[in-house]
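Below, in structure tokens: the form predicted on its own, a single chain.
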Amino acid sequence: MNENVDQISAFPTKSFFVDMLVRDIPLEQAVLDLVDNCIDGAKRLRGEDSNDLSGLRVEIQFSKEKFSIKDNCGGFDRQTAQMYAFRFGRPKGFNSTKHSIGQFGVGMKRALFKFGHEFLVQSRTPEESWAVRVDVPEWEAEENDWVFPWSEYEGGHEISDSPGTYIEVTKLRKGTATSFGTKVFENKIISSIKSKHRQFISFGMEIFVNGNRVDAADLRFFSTATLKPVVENFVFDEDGLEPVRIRIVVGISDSIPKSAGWYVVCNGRVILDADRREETGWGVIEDNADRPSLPSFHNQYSRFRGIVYFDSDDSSRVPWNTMKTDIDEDSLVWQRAYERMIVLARHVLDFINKLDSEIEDYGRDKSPLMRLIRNAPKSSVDVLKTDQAFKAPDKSSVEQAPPTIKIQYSRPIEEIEFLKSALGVDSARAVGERTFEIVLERNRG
């Protein structure tokens, strides 16, 4: 306690980090933070620009009794542990991994405190090994002692005897133990890693959750000579700061409402997936009629896909929040990208509106545009890197079916059921179509 009456103490309490800070992050996100650290290790090992992470592996195990995660991503040395890894926040002068996804210096500690009351962290590089084992209540009781003591490296957890890191948490918090013991949570973690770390899995990294291998989520666009997604690359520069490379890809894919929307990717880590909120432009009405805007999302736009990539050697420059669960709307980088997202999305939505109108006129099975899309091949977003304009077929470029008009009328159910039986059909629509054909044939002779 500061007993100097002329000063006010701003010294933090340990309980703030152990019991309060952990409330801000969902359990699922805390697990993902530890996976992020493994991926940064892989980047240090293979080079930040490498697209080959084959042979690298992350294994996550959790149950009501224990959580563990281990990798063979090269480990980190004693000096890094001593100077940075266990500090709360990133100290000035920290030489972080270029293009990393661990930025704020809080993820690992927050996860450990979130999970339980005792943890072991140990790592081995080609040159050395070290370990830290902490009984959290004992550490918390020494209010003015902010160090974690070294402990003996135990070994025995390496993957294929390769350098790497092993983390184990025991004496789990009651709520954490309950979640870790359910199949629902296991499926949730698998689904999140599949989506959030898709790029690293597609580069060859293997991630296992309770023995289940996680595959990468697939993001693909219809792409032909006459139907192409727009791809736009540009760089956001500010004096004295690392540039941010931005790539926006917008186009159409299969009609799946839950997959439609914007995806935001920062340094390879997916921050938002299938986002359909005002934060990404949906339903924002512009006061200036000359500026494009997007309507509120509804299922008519279930074919829309938009992906925005932000990449920078300095991970503090990409527009994510500290939990990597949302974008930083106040970021100038985000605001610059947002303007282009709206403009590029508008072209794609205009085409979807035309497609919807044609389906209304011709029906889903006979629409020429729909037929073209149905037969179109798809390309992975990972290969769509070169600038190109959005290209979509217009009615003059596709074979047109004879125009049609919809006929609607109502009749008593009893009479419809009678005709269904008499005509051998099984729907009211089929009754209408068949009776129309009969009358047409009779009058045409």
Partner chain sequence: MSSFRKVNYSLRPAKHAQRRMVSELLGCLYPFKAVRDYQYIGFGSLWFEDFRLFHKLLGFKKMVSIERSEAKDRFLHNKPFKAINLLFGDSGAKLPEIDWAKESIVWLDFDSPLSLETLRDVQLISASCKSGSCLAITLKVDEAAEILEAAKAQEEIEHAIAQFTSRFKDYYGGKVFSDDLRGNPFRQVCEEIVDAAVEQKIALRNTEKEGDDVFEFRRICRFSYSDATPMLTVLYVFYTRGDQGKFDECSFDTVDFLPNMDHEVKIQMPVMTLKEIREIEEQLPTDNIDALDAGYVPTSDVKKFVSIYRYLPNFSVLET
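Positions refer to the first chain, counted from 1. Heads up, when I say rigid core I mean the largest set of C-alphas that superpose within 1.5 Å between the two forms. The model shown is predicted, which means the values in this text are computed figures rather than measured ones.
There is another form of the same protein, the form predicted in complex with the partner chain; it is not shown, and what comes next is about it.
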- Item | residue 360, heavy atom within 4.5 angstroms of the partner chain in the predicted complex | no
- Is there a non-hydrogen atom of residue 383 within 4.5 angstroms of a non-hydrogen atom of the partner chain in the predicted complex? no
- Message: My question is simply whether residue 151 lines the interface with the partner chain in the predicted complex - judged by any non-hydrogen atom within 4.5 Å.
- Response: no
- Message: Under a 4.5 Å heavy atom criterion, is residue 370 part of the interface with the partner chain in the predicted complex?
- Response: yes
- Here the chain is shown alone; which of 147, 83, 235, 256 has a heavy atom within 4.5 Å of the partner chain in the predicted complex? 256
- Ok, 161, 138, 128, 365: which has a heavy atom sitting within 4.5 Å of the partner chain in the predicted complex? 365
- For the chain shown here without its partner, which stretch in 31 to 39, 386 to 394, 412 to 420, 49 to 57 has non-hydrogen atoms within 4.5 angstroms of the partner chain in the predicted complex? 412 to 420
- Residues in 143 to 180 that come within 4.5 Å of the partner chain in the predicted complex by at least one heavy atom, in order, are 174, 175, 178
- Take the rigid core as the frame of reference and indicate whether the C-alpha of residue 428 shifts by 2 Å or more between the shown form and the other one. yes
